[in-house]
Every structure is written in structure tokens, then in C-alpha cells.
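Considered here are two forms of the same protein chain, supplied as C-alpha cells in two stand-alone entries, structure 1 and structure 2.
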Structure 1
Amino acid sequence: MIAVQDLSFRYSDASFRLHVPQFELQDRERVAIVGPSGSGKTTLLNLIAGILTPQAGRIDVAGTDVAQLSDVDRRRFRASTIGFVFQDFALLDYLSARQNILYPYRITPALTLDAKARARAEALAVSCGIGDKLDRHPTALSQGEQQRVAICRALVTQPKLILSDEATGNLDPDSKSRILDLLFEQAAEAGAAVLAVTHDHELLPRFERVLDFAQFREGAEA
């Protein structure tokens, strides 16, 4: 699913540098990324998603060399291939849960909002246990419910890859476990691979593989 080769990236302020000689993620594989703060975990997710472009190296996602795509194509690629789950849920207050789930369809021409998409959103919400709360706005939902909405949003486009950036970081221990189960369950059902950045070491055993990020860090001294 993902093949990273000799990737190097630095921000323009030059205080940070990331080098990943090699990293691979198989289809349907569930991999956790751990590592100290500032080690570039989120940066890697952004590189894989094509939000950032590397200075050198190759990132192959689902057979596409992301770094070689134009900006427009990268956006389209991201919208149709990748699902994102964030630590802060990143839901929109002014939209109902249903419309939050369908949000990706509203912001890109790469996706078409049709009856199938709507049915999918409905089904996802039901299987995530929020089927009866679809008309509520995020402010009227609990944290766990909000993250469920966010998971539904990530999955509704049927992506091949879920990028989860501390998706359970803001939740209480009970919820963490349940949300992760849900995420895995839904990803498995959709046949998507999961690449999750996490600090919760107690959750690591549930992943198939753990990638410790400390090895990639090239110190600020460089």
C-alpha cells in the first residue's frame, strides 16, 4: 500500500529534518507509529498524504508516486484514496453529524455525492452506534460520539488507506479502546490499511506492527 524509499524532508526554517530510508505498509496492514514529540510522525503522515512534498526520495501510495503528482492531482488523490482521523476530531460546528460525514464530498470535485454515498454514511453511522444522532450538531455530541463521526467521515469515501493522527489521544481509556476497535473493524470491513500515530503504548499490542520513529530523526543540530 505504501512504499517509502530514501525520503528526506526539511521545513524551510531548517530546524528540523526527517529522513526515512525505507518504510513499507502492506494492504490491510495496521501499523502504529510511536516516537517522541517532534520526531516527525505527523510530518510523515502529511508527506504520505501529499500535503507536504519531500525534497528527495520516493513515496508510493497505492501504486502512485505521490511526490510526482501536480498539486491538483495530489488533492484529488488524497480525497479519493486516503481517510484522515485527527486527534481533535476536526468536525464543523455548523454541520449536522450527517453533513460532517459527507463533508469530503462537498469540498472536492474528485468525489460525487450520490445516493450510494448517502446510504454509506447512514450505514457507517449505524455500525458506529450513532445512527440515531445523525441530525445533531457536534456540540450536542459527546467526545466519543464526535470521534465516531470523524471515523465515519474518514471511511465514507472508501479509502484504501486510513491515516490516524492520535485519534484516541483526547479520549478516556475506555473510549480509546472502543474507538480503536471500531476503527480497525470498519477499516477491515472496507479493506483499508491503517497507519496510526499514537502515544498510547497500551494500545500498541493491538497493531500488527509498530514503527518506532526515533530511528528516523535527524537531529536539529544537522
Structure 2
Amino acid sequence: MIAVQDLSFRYSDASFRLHVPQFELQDRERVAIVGPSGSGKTTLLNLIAGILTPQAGRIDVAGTDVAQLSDVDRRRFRASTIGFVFQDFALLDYLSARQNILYPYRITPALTLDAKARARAEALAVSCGIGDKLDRHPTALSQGEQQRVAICRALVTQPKLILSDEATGNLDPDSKSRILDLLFEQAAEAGAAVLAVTHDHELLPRFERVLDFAQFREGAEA
């Protein structure tokens, strides 16, 4: 699903350099990423998703060299292939929770917003405990509820790759377990792989493999 080779990335201030000699994620595999703050975990997810582009190296996702795509094609590829749970949620305040969940369908011509997609959004919202809040806007939701909207949006297209940046970070222990169950259930249903950044070491036994990211980071704090 993911093949990274000789990847290098540096922010413009040059105080941070990420170098990943090699990393692979297999189809359907569930891998957790751990490491200190500033080690580049979120940066790697953004590179895999095509939000950032590397200065050198190659990132293949589902057989596509993401860095070689145009900006428009990267957005389309991301919306149709990758479900991304962002650390800051990245919800649109002018849209309702329902509209935020279905947003990938509105920006990607390859996706069809039909009754099946709407029903799936409703079912995911119910599974996440926000089925009664779909008509509210993000500003009327708690932080935990906003996080659940972001998770539903990442899952609604049944992506082949789920990237999760602290998806359970603001949830209580029972909710963390339920959300992780949902992520894994949806991944299994779609035949998707999961790559998840987490600081919660209690969740690590749930994953098939754990990657310590400290080895990939060079330079001062980012």
C-alpha cells in the first residue's frame, strides 16, 4: 500500500530535516507510529497524503507516485484513495456535521454522492455517537464531537488507506476503544491499511506493528 524510498524533506527554516531511507506498509496492515514531539510523524503523514511534497525520494501509495501528481490530481487522489483524520480536525465551520462528513464527495468528481453514500454517513455518525448532531455546525459541537465528525469523514468513502493523526487524542478511555474498533472494522470492511500516529501507548497492542519514529528525524525541534 505504501512504499517510501530515500525520502527527504526540510521545512523552509532549515531547522528540521526528515529522512526516511525506507518504509513499507502492506495492504490491510495496521501500523502505529510513536515518537517524541517534533520528530516528523505528522510530516510523514502529510507527505504520504500529498499535502506536502518531498525534496527528494519517492512515495508510492497504491502504486501511484504521489509526488509526481499535479496539485489537482493529488487532491483527487487523496479524496478517492486516502481517509485522513487530521490532528486539528480540519472541519469547515460554514458546513454542518453531515456536510463535513460528505465533503469528499463534493470535491471529487470520481465520487458519486448518492443515497448509499448519505446512508453510510448517517450510519457512521450513529456508530460514533453523533447521529443526533448531524445538523449542527462545528462551532456548536464539543472538541470530542468535532473529532468524531473528522473520523466519519475519513471513513465515509471506504478508502484503501486510512491515515490517523491522534484520532483518539481528545477522547475518554471508553470512547478511545470504541473509535479504534470502528477504525479497524471499517478498514477490514474496505480492505484498507491503517497508519496511525499516537502518543497513547496503551493502544499499541491493538496494532500489528509499531514504528518508533525517532530514528527518522534529524535537526532541532520543528
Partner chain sequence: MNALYLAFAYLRYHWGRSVILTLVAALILFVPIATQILLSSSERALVARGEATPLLLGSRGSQLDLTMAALYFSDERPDPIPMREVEAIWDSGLAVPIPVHTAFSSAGFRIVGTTLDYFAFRNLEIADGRGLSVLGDAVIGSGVAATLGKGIGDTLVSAPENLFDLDGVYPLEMPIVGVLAPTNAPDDQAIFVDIKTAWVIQGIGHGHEDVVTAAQIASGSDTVANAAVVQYQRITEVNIGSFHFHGSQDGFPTSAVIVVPNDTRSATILKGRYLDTEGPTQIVEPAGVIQGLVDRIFRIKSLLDVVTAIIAIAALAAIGLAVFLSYRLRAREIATAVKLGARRGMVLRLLSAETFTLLLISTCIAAAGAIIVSRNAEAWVGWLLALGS
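In this text, rigid core is short for the largest set of C-alphas that superpose within 1.5 Å between two forms. All values derive from a computational prediction rather than experimental measurement. Numbers follow structure 1, counted from its first residue as 1.
Note: the form predicted on its own is the second of the two, structure 2. Checked against the rigid-part motion between structure 1 and structure 2, the candidate from I82, L124, L47, N100 that sits at the hinge is I82. The chain behaves as two rigid units between structure 1 and structure 2, and the smaller unit swings by 18° against the larger after C-alpha superposition.
Its Cα shifted by 5.1 Å, H137 is compared between structure 1 and structure 2 on a rigid core fit. The two forms, fitted on their core, place the C-alpha of I107 2.7 Å apart, compared between structure 1 and structure 2.
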